[in-house]
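Only one chain is shown below, in structure tokens, and it's the form predicted on its own.
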């Protein structure tokens, strides 16, 4: 008998790690270099401070990013992608490539109809 909630293939865990509107774009921004909170907010136009905080905390809890508080006044905190986050970025890039191919296939199919 198998547990209905088991994720033997790991795909559900991966989707949960990148789930949310902003996580993939935040992961990509941090893949390029470390950023401070305000920089990430400027890069992610339309995100609220509350949602950005939630997404960053979830990503940190999942081990995708690390948070470094310099303990200075005014506060200075930087976020950096971890090696685990880099490996997920590789997977997301592959999914993006597939998505583009799929969209092109759908467009060709619609055009032929």
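Because the structure is predicted, anything quoted here is derived from the model rather than measured. Numbering follows the first chain given and starts at 1.
What comes next is about the form predicted in complex with the DNA, which does not appear here.
- The DNA is not drawn, but in the predicted bound form it has no heavy atom within 4.5 Å of residue 33.
- Among residues of the shown chain, residue 83 is not one whose heavy atoms approach the DNA to within 4.5 Å in the predicted bound form.
- Looking at residue 38, you'd find a heavy atom of it within 4.5 angstroms of the DNA in the predicted bound form.
- Contact check for residue 43: no non-hydrogen atom falls within 4.5 Å of the DNA in the predicted bound form.
- Contacts to the DNA in the predicted bound form (heavy atom within 4.5 Å) from stretch 31-69: 36, 37, 38, 46, 48, 49, 50, 51, 53, 55, 57, 67.
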